[in-house]
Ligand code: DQA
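Next up: a single chain in structure tokens, the form predicted alone.
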């Protein structure tokens, strides 16, 4: 039996407070609820899901480095690090599989400082503004990106 591909889900600063922090923006689901949704979606696609949440950028950098050569894809909700996490950006550049940037809200409909992302320029895809359902959509997207193209197809796959 071959091992199932692993998707690493990274959650940045303050996401551990989901469910109690700004529910009008982020909803009432907890991070555990959203990780559970992502895990169930991954399982339905024949994927394993690992999750790392940290309020410290270096921990997320370490997780990305540990995923190299081991994980098939990354889904990253970098939270505020999205806008200034240069060391996270540099670590993500070293990962060779699909990278999906994830946001619960739509950063472009919020404060000006949230409009710039250090992750988007290197991401394969971005899922934003779908609330908690974005976790399911991100994993569905990763599963599609990991699916081999049909025989005889000229599909290219990831741009990274």
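Nothing here was measured: the structure is a model prediction, and the numbers come from that model. Residue numbers count along the first chain shown, from 1.
Here the subject shifts to the form predicted in complex with the named molecule, a form of this protein not shown in this document.
Picking from 60-68, 117-125, 47-55, 99-107 the stretch near the named molecule in the model of the complex, with a 4.5 Å limit on heavy atoms, gives 99-107. Interface membership of residue 89, defined by any non-hydrogen atom within 4.5 Å of the named molecule in the model of the complex, is ruled out.
Remark: residue 79 counts among the residues lining the named molecule in the model of the complex, judged by a heavy atom distance of 4.5 Å or less. Among heavy atoms of residue 19, none comes within 4.5 Å of the named molecule in the model of the complex. Shown alone here, residue 15 lies within 4.5 Å of the named molecule in the model of the complex, counting heavy atoms only. Taking the named molecule as it sits in the model of the complex, the stretch 118-140 never comes within 4.5 angstroms of it through any non-hydrogen atom.
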